[in-house]
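Take a look at this one chain, the form predicted alone, written out in structure tokens.
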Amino acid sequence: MSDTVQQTRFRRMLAMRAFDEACLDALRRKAIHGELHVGLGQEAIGAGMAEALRPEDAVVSTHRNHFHALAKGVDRRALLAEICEREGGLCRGRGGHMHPFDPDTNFSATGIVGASLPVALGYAHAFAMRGESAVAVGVTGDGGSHTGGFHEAMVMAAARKLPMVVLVENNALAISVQFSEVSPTDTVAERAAAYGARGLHVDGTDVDAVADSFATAMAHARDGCGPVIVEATCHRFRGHFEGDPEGYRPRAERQRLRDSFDPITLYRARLEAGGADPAALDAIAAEEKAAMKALLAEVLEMDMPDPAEALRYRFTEEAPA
């Protein structure tokens, strides 16, 4: 693997973390209302999936969607503006952080657990009917893998060999419920065989491993071989949402996860062991932080939606004759 590829992956992870840190800053400034779900600790998955995605592919994400949007090529200025509920956002501030929608990149998200997969199934069915080479990616978590929608989507996708990849970000917590306490299998990936689909299990803290597994899955689906479940194990460093008291895990355990499984720290160590200049890596980190700080300042100067237009876009209206 070239140094350029590795540095690109490192920068992409840093950019994603800087983005979510900017969201946390905006929340502290009361520029974001309601629940905010950040993905700190899961950057390697978003960064790893980016390389295998094509513009025509579709990605349908979850309530924790920022990294997937960035991986799909959603403009980060418009995405941040949407999260901060500004008129300049993807949905003119109406969707917020849980429901961003960008038809230009075929990206969308839903706050309903497991609901991303039936939508991705619809994309995959349309791609197959039209004879296109695009692939639909449905993202869910370990909790979402236990829903009826997951099962139904996999049955239909596998029966028709639809071009769909199901990405399961398994951080072992469905809000507060441990995966090991409710799963009948040790992994989600092993369930793929029951559908006649392919299952891949990967360390979601290793961006190189994620990139390889996700590329394999996308190629499999794109070649007409049917759906793939990619299960990426990872760790969620913060609560389910900002403000979550996290009574289900001790503070010491949270710190242990940060100390041992930070994908950026782990990858930096790999790069330095391969001869990368620590000062150059520091510079990349500083550049991404500065860029996001400047972008947040710009976004916070944008106009809020006009309250008089609160019902706009809520109903379908016939165009005048």
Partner chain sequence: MSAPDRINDRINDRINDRLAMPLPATIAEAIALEMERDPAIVCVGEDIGRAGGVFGTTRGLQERFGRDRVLDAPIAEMGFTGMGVGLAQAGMRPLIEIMFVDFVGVCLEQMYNAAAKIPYMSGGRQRMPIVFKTAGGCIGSAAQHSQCLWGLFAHLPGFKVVAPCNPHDHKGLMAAALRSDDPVVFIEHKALLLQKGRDFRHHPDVPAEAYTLPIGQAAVVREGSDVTLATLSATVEHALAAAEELAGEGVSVEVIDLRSVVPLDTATVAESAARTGRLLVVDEDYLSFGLSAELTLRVIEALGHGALRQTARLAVPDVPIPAALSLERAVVPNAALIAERLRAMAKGA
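Positions refer to the first chain, counted from 1. The structure presented is a predicted model; accordingly, all values stated were derived computationally and were not measured.
Keep in mind that the form predicted together with the partner chain is not shown, yet the notes after this line are about it.
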property: Stretch from 97-105, 212-220, 199-207, 123-131 whose residues place a heavy atom within 4.5 Å of the partner chain in the predicted bound form; result: 97-105
property: Heavy atom of T147 within 4.5 Å of the partner chain in the predicted bound form; result: yes
property: 4.5 angstroms heavy atom contact with the partner chain in the predicted bound form for Q178; result: yes
property: Proximity of D306 to the partner chain in the predicted bound form, heavy atoms at 4.5 Å; result: yes
property: 4.5 Å heavy atom contact, G111 to the partner chain in the predicted bound form; result: yes
property: G239, G143, G226, G89 - the one with a heavy atom within 4.5 Å of the partner chain in the predicted bound form; result: G143
property: The single option of V119, L79, A174, A192 touching the partner chain in the predicted bound form, heavy atom within 4.5 Å; result: A174
